[in-house]
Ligand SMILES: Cc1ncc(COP(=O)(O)O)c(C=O)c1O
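What follows is one chain in structure tokens, specifically the form predicted on its own.
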């Protein structure tokens, strides 16, 4: 395994996030206390959390939790899902399983550092910058021109961090058609899907519309629950899911049981949680009085 470079963003957070008076660089929605989250729970859901068994959990993730996650998709079920300890573990697993030294990858830039540094540590990688003169959109022709015979993976991120841009639907499907033609996987970082001002139209999850699409999501961002450390990847290519599960045995092994119970509560009341976080975001889009 190649030596990975310093994760400069996370190193910066490690040094300053909990020592600064004001934190103006957070990428997650405003979080809440455990008491506030349990306030959404029914008596049955709360009892399930309080009386849970504190043993190991399933490597794939608890079946009932994966069932709740599957409800956020239109055509995926629990068999298409693998849970992780946050999104970063999923990013590591996907790049490790899909790539080798003979591969080539294409990565939208700017992006979260691990989406760039992980493939760069494994193989030849091409960055495609979003166009600031075109609402931070992606030039599909430029992507097409960058494809090589050994291109294995394209990584995208919409709603985009840090611009918030969402790829127009026609370009999204054009990218999927392009990848389908060449047999290329798409890792779509969708962790901000659902977060936005009133009327925001989000893209369909890539795992729902592309057989080689990997949908990366997490409780941290749109749901505002980063302390739970529960993320997931959905993919209809079960071989990829199974290979990532085998790799997870070397990583977190399984997720936190209490976090899984709390995630189930949050997802069962996701409309309320997303309405809360979107209302907070919406305050920043209001014109001044």
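Since the structure is predicted, the reported quantities are computational estimates derived from the model, not experimental observations. Residue numbers count along the first chain shown, from 1.
Not pictured, yet referred to below: the form predicted together with the ligand.
Trainee: Indicate whether the ligand has at least one heavy atom within 4.5 Å of a heavy atom of residue 191 in the predicted complex.
Mentor: Output for residue 191 is yes: heavy atoms within 4.5 Å of the ligand.
Trainee: Though only this chain appears here, would residue 261 touch the ligand in the predicted complex if you measure heavy atom gaps against 4.5 Å?
Mentor: Residue-level check for residue 261: no, no contact with the ligand.
Trainee: Though only this chain appears here, would residue 87 touch the ligand in the predicted complex if you measure heavy atom gaps against 4.5 Å?
Mentor: So residue 87 counts as contacting the ligand.
Trainee: Any chance residue 80 has a heavy atom within 4.5 Å of the ligand in the predicted complex?
Mentor: Residue 80: no contact with the ligand in the predicted complex.
Trainee: Taking 4.5 Å between heavy atoms as the contact cutoff, choose which of 103, 137, 146, 161 touches the ligand in the predicted complex.
Mentor: Exactly one listed residue reaches within 4.5 Å, namely 161.
Trainee: Identify which of 42, 242, 27, 33 has a heavy atom within 4.5 Å of the ligand in the predicted complex; exactly one of them does.
Mentor: Flagged contact: 27.
Trainee: Would you point out which of 221 to 229, 59 to 67, 33 to 41, 250 to 258 contains residues with a non-hydrogen atom within 4.5 Å of the ligand in the predicted complex?
Mentor: Going by heavy atoms within 4.5 Å, the stretch is 221 to 229.
Trainee: Can you work out whether the ligand is within 4.5 angstroms of a heavy atom in all three of 91, 112 and 115 in the predicted complex?
Mentor: Yes, the whole trio is in contact, each within 4.5 Å by some heavy atom.
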